[in-house]
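Taking the form predicted on its own, here's one chain by itself in structure tokens.
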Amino acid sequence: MNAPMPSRTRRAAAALALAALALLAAACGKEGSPPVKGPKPDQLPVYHVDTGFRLPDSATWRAAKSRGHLVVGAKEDQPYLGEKDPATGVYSGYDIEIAKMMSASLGFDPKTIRFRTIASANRETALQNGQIDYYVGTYTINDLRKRQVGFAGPYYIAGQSLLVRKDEKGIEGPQDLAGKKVCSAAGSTPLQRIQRDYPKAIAVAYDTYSICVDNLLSLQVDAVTTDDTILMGFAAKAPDELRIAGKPFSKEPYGIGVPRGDNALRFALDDAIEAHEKNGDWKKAYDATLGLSGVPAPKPPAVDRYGSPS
């Protein structure tokens, strides 16, 4: 069904807004518009750098120590999670804070991290080829990926959900996707689940979720599917145009990807995750980033030290 022209115009504006938050601020300057949301730097924790930390059994850590900084893979287009300011090049969000916590615990000042945007489909390759030291970016732990990389964590449990246009009446869950165009990121777990469990849906894949959302707003796809955490951020940025449909239909344990076989690094990151949960950094970081979506911080999941000798 064709939408009225005013709705199309608003969706086009919203699509541009999701590509650049600054444009959203300018477009929504009319009276009564909600304020632009985003991480609040003055409310973010300051992470204590463990200057005496050493991890000689980790080839990854030794290489980072030699160069003087960590190289961390991340996402750049996920509101509240991993987002890159196009003007300054600064990354922000909950996953970015997790990466900074880990850096501090490994003995590196978080300010020295070199973030590198890596698409979902390229994460394993980037870790295998040594392009990055570890990866923090809504990275679901599963057995297939464990054959290619290692995982510390989980540090958060998300769930797959659906993002639709606010006036969409026919989609309230994955059972309604037959014949519908559903967009997700290439190589992602959500895309694979739709293809496997809901074969009557028409799966569409792009490198990033932001492109999927742009296509949703411009009526080229009917829904976007990925973790609810990611969709919460997009819906919060365009609340008049987008909504999350139904309830989550999976469990997605987020882990920190490391090179496979570097168990010393993996177990050190497990230690760091637990330490930052206990000292309150984990919740403070959540509240200042992902918590701005209106969803309160859940209880942290138990770390899975698979393969640990202890």
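Start at 1 with the first residue shown and count on from there. Here the structure is a predicted model, which is why all the values come from computation and not from measurement.
Not pictured, yet referred to below: the form predicted in complex with a small molecule.
S.K.: So which of 225-233, 194-202, 105-113, 168-176 is the stretch with heavy atoms within 4.5 Å of the small molecule in the predicted bound form?
M.R.: Answer to the contact question: 225-233.
S.K.: Within 4.5 Å of the small molecule in the predicted bound form, do K100, Y155 and H276 each have at least one heavy atom?
M.R.: No, because K100, Y155 and H276 lack any heavy atom that approaches the small molecule to within 4.5 Å in the predicted bound form.
S.K.: Of S210, T189, S161, S92, which one comes within 4.5 Å of the small molecule in the predicted bound form, counting heavy atoms only?
M.R.: None of the other options qualify; the answer is T189.
S.K.: Is it the case that N122, even though its partner is missing from this view, gets within 4.5 Å of the small molecule in the predicted bound form, heavy atoms only?
M.R.: No - in the predicted bound form, heavy atoms of N122 and the small molecule never come within 4.5 Å of each other.
S.K.: Answer with yes or no whether E252 is in contact with the small molecule in the predicted bound form, where contact means some heavy atom within 4.5 Å.
M.R.: Result yes; E252 sits at the interface with the small molecule in the predicted bound form.
S.K.: R145 versus the small molecule, in the predicted bound form: is there a non-hydrogen atom within 4.5 Å?
M.R.: Although the small molecule is absent here, R145 would touch it in the predicted bound form, with heavy atoms inside 4.5 Å.
S.K.: Does at least one non-hydrogen atom of Y134 fall within 4.5 angstroms of the small molecule in the predicted bound form?
M.R.: Taking the distances in the predicted bound form, the answer for Y134 is no, it never comes within 4.5 Å of the small molecule.
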